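A lone chain, given as structure tokens: the form predicted alone.
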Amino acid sequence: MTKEEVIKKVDAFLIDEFEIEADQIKPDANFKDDLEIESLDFVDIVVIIEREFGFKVKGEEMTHIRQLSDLYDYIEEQVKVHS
């Protein structure tokens, strides 16, 4: 899976599941400040990531994710490790 495919899937579920406007989705968007994603929303994000990308997310691995680009990079790396 390419990074572009990861970005496309992540952007799609943010728009569909969290009702985020497409114009808010930028690589440097901060989850809390720009996208208004609360910590409890990350539970749903983890479930979606596991379903869409087929790997188990460890909570401690998500603690460094602040911006959307962090999530893209994390998923891309994990997809490579688990393929």
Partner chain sequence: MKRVVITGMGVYSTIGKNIEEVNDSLYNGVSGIGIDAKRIDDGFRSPLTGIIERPILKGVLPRRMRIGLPEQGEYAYVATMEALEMAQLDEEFRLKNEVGILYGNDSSAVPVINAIDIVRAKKDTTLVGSGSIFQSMNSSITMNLSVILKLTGVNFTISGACASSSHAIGMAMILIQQGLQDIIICGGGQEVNAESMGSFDGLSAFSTNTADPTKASRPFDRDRDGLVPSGGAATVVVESYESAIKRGAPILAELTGYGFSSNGEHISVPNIKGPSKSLEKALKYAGICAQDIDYVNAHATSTIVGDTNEAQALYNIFGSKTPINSTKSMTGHEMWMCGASEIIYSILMMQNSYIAPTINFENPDEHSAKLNISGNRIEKNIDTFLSNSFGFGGTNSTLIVKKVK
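Residue numbers count along the first chain shown, from 1. Since the model is a prediction, treat every value here as computed from it, not as a measurement.
What follows is about the form predicted together with the partner chain, which we do not show.
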{"item": "All of 16, 41 and 46 with a heavy atom within 4.5 Å of the partner chain in the predicted bound form", "value": "yes"}
{"item": "Any non-hydrogen atom of residue 52 within 4.5 angstroms of the partner chain in the predicted bound form", "value": "no"}
{"item": "Partner contact for residue 32 in the predicted bound form: the partner chain, 4.5 angstroms, heavy atom", "value": "no"}
